[in-house]
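Heads up, the chain below is alone and in the form predicted alone; it's given as structure tokens.
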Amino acid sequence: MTSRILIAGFGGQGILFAGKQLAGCAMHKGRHVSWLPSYGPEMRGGSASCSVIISDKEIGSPIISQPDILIAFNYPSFLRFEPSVSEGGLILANSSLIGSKSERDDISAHYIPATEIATAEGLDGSVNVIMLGYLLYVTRLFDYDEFIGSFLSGIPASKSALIEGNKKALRLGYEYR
């Protein structure tokens, strides 16, 4: 099985970090992985996206023209990439920043107010982790416990103060209904 995932939003939203976490967990499971970041010249606020391919087979190219899964963090990314999601695909959208819904009937779309949840819980900067938790719940791409083990092992010692907040953010996304 191959999953082609596109994560897109503004620079500074943790797009690349989210992609690295998915790729890292897949690598720990012995899967073939491709991680390809794409971002504008701005440090923060410009467009950013990350393509992650997870497969049981070797991956021929890291380029994704039709993602199976789109994780859209903001409205411009939703508008830009929603048409390219493959038939039968999935969109996960941060409804705090995306005011419209997909009108496509050939895909599944789920909406989570990730920015609002992060703000209400005092977890500003953790929208990406909330979205990862929601991805785990909706797709069952990875078992929650195996993902959190991989996720926490990927946090460097210099960022250990973020561990509890990240655990909480992941759980909030996973439990959102």
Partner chain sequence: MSRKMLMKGNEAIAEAAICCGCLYFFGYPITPQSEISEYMAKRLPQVGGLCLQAESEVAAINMVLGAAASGVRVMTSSSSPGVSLMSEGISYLVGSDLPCLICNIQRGGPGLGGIQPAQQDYLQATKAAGHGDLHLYVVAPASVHEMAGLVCRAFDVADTYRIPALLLADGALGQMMEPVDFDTALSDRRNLPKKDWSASGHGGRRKKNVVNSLYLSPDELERSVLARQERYSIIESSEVLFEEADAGDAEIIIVAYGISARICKSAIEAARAIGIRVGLIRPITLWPYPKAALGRAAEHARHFLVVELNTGQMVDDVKLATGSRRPVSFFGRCGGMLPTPEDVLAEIIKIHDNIRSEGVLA
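None of these values were measured; they are calculated from a predicted model. Numbering follows the first chain given and starts at 1.
Quick note: we don't show the form predicted together with its partner chain, though the next part is all about it.
Screening 138-146, 107-115, 52-60, 120-128 for residues having heavy atoms within 4.5 Å of its partner chain in the predicted complex returns a single hit, 52-60. No residue in the set S95, I98 and K101 has a non-hydrogen atom no more than 4.5 Å from its partner chain in the predicted complex.
In the predicted complex, G40 approaches its partner chain with a heavy atom inside 4.5 Å. Among residues of the shown chain, K20 is one whose heavy atoms approach its partner chain to within 4.5 Å in the predicted complex. With a 4.5 Å cutoff on heavy atoms, S34 counts as touching its partner chain in the predicted complex. G24 belongs to the set of residues with a heavy atom inside 4.5 Å of its partner chain in the predicted complex.
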